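Below you'll find only one chain, the form predicted on its own, shown as structure tokens.
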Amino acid sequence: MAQIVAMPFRHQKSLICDEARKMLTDAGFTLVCNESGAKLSEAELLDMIKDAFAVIAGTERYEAPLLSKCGELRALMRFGVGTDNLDLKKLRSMGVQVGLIANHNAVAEFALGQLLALLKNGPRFDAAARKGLWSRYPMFELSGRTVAIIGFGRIGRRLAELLKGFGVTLLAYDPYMDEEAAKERGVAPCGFEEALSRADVISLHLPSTPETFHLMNSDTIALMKDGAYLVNTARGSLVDEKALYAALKSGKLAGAAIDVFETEPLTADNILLGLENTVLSPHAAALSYETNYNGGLICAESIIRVRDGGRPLYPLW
């Protein structure tokens, strides 16, 4: 009987490329996919994955009671990089190999683009031009500023590489800082509070964990320079939105570019929507064509590697 690869997330049809599917079927796997276009119930999810050798997972939750019923599971590939929807302790105890995809270039480029849109007042110029207005808004240059990257993993490192050409001073904080990687990119490692106090721009690139919940709150925002900017393309839970709103409203912060929110999808009553000194986007930073296409190939190759006794291309452990 052929081993099963399950794709239960609702966007699998548009995100997992034909070439990736062919790789898996050519390798002898049977594909079982969510064709409904809707999020599965827990019972439907279990029915789809209970006999699977591998799962390509979206943002649906994989808790211990569900995983305990999946005795054939040997590989779980997250089509993304966030793992807050996975019970990693349970997966590890089951001997399941967990892998991610490579979205670091897409997210880093997006973070940089949103920061530039913020500094140049891009959304306001666009809105004015569409209304036939010949308006002028203040613009600022990135050159000469200090940028602190909070979280120096693959995305943070790529952002540092992209920023090198802008003539900025680069700082980075990471609880597990790779100082050699920082040195190679001309980045000065520093403590969290030092980064906040020195930087003109703070860009967040940490995972969602109990330790990072509301990392940016009224106390930590108070440590930032007056008139600084905040960019968050990581996870919404990192930022206390009420504290951010107060700082943006008062002028403590000059602006914020936010791609991720405490409640998603973004609701019409979100307090940040009423501010002009923000650039907002719907958790879209990683969704480049290239990332999605390559992501499917990475998942397929990783699953085949695990079947053959190896490890995923981007293993979590």
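Heads up: residue numbers just count along the shown sequence, starting at 1. Just so you know, these numbers come straight off a predicted model, no measurement behind them.
Here the subject shifts to the form predicted in complex with a small molecule, a form of this protein not shown in this document.
Though the small molecule is absent from this view, in the model of the complex it lies within 4.5 Å of a heavy atom of just one residue from G113, P123, P189, P207, which is P207. Only one of K39, K252, K50, H283 comes within 4.5 Å of the small molecule in the model of the complex through a heavy atom, and that residue is H283.
Using a 4.5 Å cut-off to the small molecule in the model of the complex, each of F152, I155 and D174 places a heavy atom inside that distance. Of the heavy atoms in V260, some are within 4.5 Å of the small molecule in the model of the complex. Taking the partner from the other structure, the small molecule in the model of the complex has no heavy atom within 4.5 Å of any heavy atom of T169.
Shown alone here, N217 lies farther than 4.5 Å from the small molecule in the model of the complex, counting heavy atoms only.
In the model of the complex, the small molecule sits beyond 4.5 Å of every heavy atom of N85.
Stretch 103-111 is the answer when you ask which of 123-131, 181-189, 103-111, 69-77 has residues with heavy atoms within 4.5 Å of the small molecule in the model of the complex.
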